[in-house]
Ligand SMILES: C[S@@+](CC[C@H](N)C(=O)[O-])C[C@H]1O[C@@H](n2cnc3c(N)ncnc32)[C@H](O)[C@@H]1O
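Taking the form predicted on its own, here's one chain by itself in structure tokens.
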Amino acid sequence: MSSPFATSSQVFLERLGWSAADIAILVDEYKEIQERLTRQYKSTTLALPLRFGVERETGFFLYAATRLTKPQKVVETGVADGRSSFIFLAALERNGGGLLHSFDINSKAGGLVRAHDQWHLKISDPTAPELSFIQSLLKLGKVDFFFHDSDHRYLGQLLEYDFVWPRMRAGGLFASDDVDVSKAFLDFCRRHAQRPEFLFDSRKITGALRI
């Protein structure tokens, strides 16, 4: 019997429906992105601990999924120093279009990215981040790729999932990091009769489903 968790991003992507051949083409591309990211880390003073960034396999998943889906609107909640933002934007650059809308409550978030034409960073009021997120999302219209990586408490996760879900475009990708921290993602998927796939990275678990 196969494990319910993929331990490599390539297997994870295959379980989400992409072919091994299409995924393999992106491996060398991502090596170049990793080299760029390493250089960026060396020239950036980090505002947060390194462990706050997405892990290695999750990083490739974000890059490859963005290249394969070619989204026009990507929404991520939780930026930290911008590791995932950097990866998303590198994929959007290769795609030749698309925008990344990122949300955080820390004014120092996103240092690895700095300015970028395809990036909109919203720093929300830390006393009411949910309201700020909802108001901003209402203006965006349909979302092609959603990635949660912010407040991992049950209610915080569930609020984001519930609000974003009806705004997802058909064929889009709905994903969440740290689904092992609470039962919110599992409960959400059960309620909507969805069967997600899971990636067990070195420390954390990412869940995702294609719509």
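Worth saying up front: this structure is predicted, and the values here are computed from it rather than measured. Counting begins at 1, following the sequence as shown.
Keep in mind that the form predicted in complex with this ligand is missing from the display, and what follows is about it.
- This chain lacks the partner; the member of Val75, Val113, Val79, Ala91 within 4.5 angstroms of this ligand in the predicted bound form by a non-hydrogen atom is Val79.
- When this ligand is considered in the predicted bound form, Phe52 lines it closely, a heavy atom lying within 4.5 Å.
- The shortest heavy atom separation between Asn106 and this ligand in the predicted bound form is within 4.5 Å.
- Contact check for Gly98: every heavy atom lies farther than 4.5 Å from this ligand in the predicted bound form.
- The closest heavy atom approach of Val181 to this ligand in the predicted bound form falls outside 4.5 Å.
- Across the options 138-146, 165-173, 151-159, 27-35, residues that bring heavy atoms within 4.5 Å of this ligand in the predicted bound form belong to 151-159.
- By the 4.5 Å heavy atom rule, the three marked residues Leu48, Arg83 and Pro129 all count as contacting this ligand in the predicted bound form.
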